[in-house]
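Given next, in structure tokens, is a single chain: the form predicted alone.
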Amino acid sequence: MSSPAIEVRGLRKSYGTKLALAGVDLTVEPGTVQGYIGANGAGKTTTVRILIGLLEGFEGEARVAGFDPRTEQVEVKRRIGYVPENAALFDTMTVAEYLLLVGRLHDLDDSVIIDRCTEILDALDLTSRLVSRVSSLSKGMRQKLLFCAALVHDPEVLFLDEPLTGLDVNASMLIKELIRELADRGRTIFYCSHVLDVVERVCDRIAIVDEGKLVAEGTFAELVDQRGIGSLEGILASLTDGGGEEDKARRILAALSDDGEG
């Protein structure tokens, strides 16, 4: 049997007096699209930053592709791709220069980088911007560039944090299909998003985190059976501080209607 692609045990992390993660346990098998959802501040990004080797000072155990991100950051980074919602890029570089840099950091030959990136950029309709400065790219174009950089070395594990932000409809459809195809090839995708209908459709399993704790995990069908609620939105609301949106909306409208007199 193959070892887990991702495994965390008793994962805890604090920022000063604020507890961001309070003992998360999660195992993700190879070839799985693992959804990881929760409200803002629930601990999602902290978890991802620990797993990709960008955050230290945590308690518990973590393994990605068999390596410890605390002590084996380089080995972890060799095996992962990462697409954040927003990323600081080298704005003065051209698209081609940036991708060559990323590929070389992964010890790829230039010919391999060029062949792979040509195909990826063509599929994403970004080939025409090869000589454009990164600073000139729109939000959606920058997101496409991040995908290309994350995929160029064919990573074992792909971390996606709100990956569809800024993408047009066609690009979003392509990325969702690509996620499924990658999983079918045995790659593992760790998918964080607030777009719950997409999580329902593309994820094999879904973990829900609230205030640093894992409060539910399973397939969408299993979560529906456990909670007796037919939508991921409803399930998430029932497990967190969500819900009551209709009443909140009415209160906002009432405030807007108040003329301030009397």
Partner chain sequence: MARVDRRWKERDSKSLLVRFVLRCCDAARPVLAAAGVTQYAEFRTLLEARIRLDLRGGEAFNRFGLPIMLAMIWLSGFLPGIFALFLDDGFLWMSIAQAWSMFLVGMVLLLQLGNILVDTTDVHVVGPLPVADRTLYAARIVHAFAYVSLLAGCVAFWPMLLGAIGVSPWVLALYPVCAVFSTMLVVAAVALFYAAVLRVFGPSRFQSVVTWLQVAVSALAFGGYQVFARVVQWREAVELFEAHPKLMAGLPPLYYGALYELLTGAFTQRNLALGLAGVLLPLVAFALATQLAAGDLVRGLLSPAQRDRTASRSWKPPRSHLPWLASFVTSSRDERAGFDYAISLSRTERLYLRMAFSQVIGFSVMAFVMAMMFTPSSEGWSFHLAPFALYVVPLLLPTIVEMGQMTENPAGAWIFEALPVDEPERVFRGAIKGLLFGTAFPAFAAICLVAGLVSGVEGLADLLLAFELTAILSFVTVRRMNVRLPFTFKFRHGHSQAVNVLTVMVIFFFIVLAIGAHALVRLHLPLQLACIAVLAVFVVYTYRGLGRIGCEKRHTQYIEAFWGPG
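None of the values given here were measured: they were computed from a predicted structure. Numbering follows the first chain given and starts at 1.
What comes next is about the form predicted together with its partner chain, which is not displayed.
A.B. asks: I need to confirm a contact call. Of 194, 213, 70, 201, which residue comes within 4.5 Å of its partner chain in the predicted bound form, counting heavy atoms only?
C.D. replies: It is 70.
A.B. asks: Taking the shortest heavy atom distance, is residue 59 within 4.5 Å of its partner chain in the predicted bound form?
C.D. replies: Looking in the predicted bound form, residue contacts with its partner chain do not include residue 59, since no heavy atom lies within 4.5 Å.
A.B. asks: Against its partner chain in the predicted bound form, would residue 127 count as a contact residue? Criterion: heavy atoms within 4.5 Å.
C.D. replies: Taking the distances in the predicted bound form, the answer for residue 127 is yes, it comes within 4.5 Å of its partner chain.
A.B. asks: With the partner left out of view, is residue 74 within 4.5 angstroms of its partner chain in the predicted bound form by any non-hydrogen atom?
C.D. replies: Yes, contact at 4.5 Å.
A.B. asks: Residue 102: heavy atom within 4.5 Å of its partner chain in the predicted bound form?
C.D. replies: Taking the distances in the predicted bound form, the answer for residue 102 is yes, it comes within 4.5 Å of its partner chain.
A.B. asks: For the interface check, one of 156 to 164, 169 to 177, 182 to 190, 114 to 122 should have non-hydrogen atoms within 4.5 Å of its partner chain in the predicted bound form; which one?
C.D. replies: That would be stretch 114 to 122.
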